[in-house]
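Before any questions on how it binds or moves, here is one chain, the form predicted on its own, in structure tokens.
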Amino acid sequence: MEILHVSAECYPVAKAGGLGDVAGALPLYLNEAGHLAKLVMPMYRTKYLYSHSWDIVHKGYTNLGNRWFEFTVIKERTNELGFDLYLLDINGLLDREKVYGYDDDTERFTAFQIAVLDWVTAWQHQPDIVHVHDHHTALIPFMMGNCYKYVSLRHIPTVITIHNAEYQGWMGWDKSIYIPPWDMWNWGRLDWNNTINPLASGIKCASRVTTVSPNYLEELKTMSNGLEALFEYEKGKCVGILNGIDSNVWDPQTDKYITHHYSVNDFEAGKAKNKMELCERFNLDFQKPLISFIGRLVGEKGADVLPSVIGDSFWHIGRRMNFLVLGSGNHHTERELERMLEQASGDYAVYIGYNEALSHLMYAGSDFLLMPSRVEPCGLNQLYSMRYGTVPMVRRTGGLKDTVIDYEDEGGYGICYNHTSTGDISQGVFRAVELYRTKKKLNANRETMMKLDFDWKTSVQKYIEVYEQLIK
């Protein structure tokens, strides 16, 4: 089969979250399974763009309402990522450094989707499947099935994967002129609560809908930011497929970002060396358990409770643990975390920003990874941490519930709690400190986690089954 992925992100080209990791891995593993997977994304002005060689494969003109624009498609020359990577450029819209966060994001991603379909229409052949990801590309199934200029694409099945249903790409009906001419009788395929909702449209119009974990699919029927009834109605074409991780990138034996490599056979010494490097870098006490947080400092990740959790833990448990935070996001949370450095006593540090190399070192050198998420469709951080023998401390939600079993339950290895509250999380911190004291139990948990299989090779077979059902 030939599958074209359309995504706003792809690691290592441009990444803002878990979507980038998935988009960078799924096409690779589809190719390794014997299929032809390609990916097209916007041509942001990133380091990756300027450090690689490209061939121009297409130039075209199209319009966004009354705005005409030229677009260019380029292809990475060396096939470095293991699949055909295409970048689509629109001057004035996509030529930015950041992926998101601009006032004209609606125009940027709508124009991108139109240009993608103009390009695909010009192909001498056609893909077997078009697979889109999240709301930034969710208008594609509607346009393929309803816009007159894309009538030649109507027979191609489409799949939409929902990585996070909190963001839906809402746009007013005054912007319906952006979409190429279509049969106005079908306005209901775009509408949700009297607005154009790209994510809702994708769910209605795609041939299949996938979510990034089975439990997240169930949660969406009761908690999906206004789309609960739609998920219940369309449940017959929905399937939850747990994300995998790229074991070539996330491997403590070969990780290019860490100096001290280790395997399941010698993890105790390897983790100790990486922990020592972290402790020396951030002036932390090596003898204490190291509890880390890695991620966006936003409400859905539970980052807003980190200051109170850290303070509460120090007050009630004593300064018997280290905390290390890596991330950026809400400015108030950033300031609160930085302000806490004034009371640090060799047991707390924070790094505000994004640092891929540091995140790898933290997975390798930390004893525990804290994930108090309010919303976590799949979660990749807990999968990375287990690969590196770092015990995940997670709230039971979404993919965290699918992948982490509490160490006091049969076959368990992690620390779980039910609420994103200071009390629940602090109790988890207490349990982590106690577990750290029992080295034999801690190391048994680490060995169990490192042997778990969350590789993409397992997950990709389920995507292949979805594709095969659609093209029979």
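For every residue, the number given is its place in the sequence shown, counted from 1. Every value quoted in this text rests on a predicted model; they were computed, and no experiment measured them.
Quick note: we don't show the form predicted in complex with a small molecule, though the next part is all about it.
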Worksheet item: Looking at the small molecule in the predicted bound form, is some heavy atom of each of D128, I464 and Y467 within 4.5 Å of it?
Response: no
Worksheet item: Of M144, V209, V391, I294, which one comes within 4.5 Å of the small molecule in the predicted bound form, counting heavy atoms only?
Response: I294
Item to complete: Only one of V159, A111, L337, L380 comes within 4.5 Å of the small molecule in the predicted bound form by heavy atoms, so just point that one out.
Response: L380
Fill in: Options 356 to 364, 71 to 79, 257 to 265, 178 to 186; stretch whose heavy atom lies within 4.5 Å of the small molecule in the predicted bound form
356 to 364
Practice prompt. State yes or no: in the predicted bound form, is some non-hydrogen atom of Y384 no more than 4.5 angstroms from a non-hydrogen atom of the small molecule?
Written response: yes
Worksheet entry | the small molecule contact at M171 in the predicted bound form, heavy atom, 4.5 Å | no
Worksheet item: Quick one: is G327 in contact with the small molecule in the predicted bound form, heavy atoms, 4.5 Å cut-off?
Response: yes
Item to complete: Decide whether L19 counts as a contact residue for the small molecule in the predicted bound form under a heavy atom distance cut-off of 4.5 Å.
Response: yes
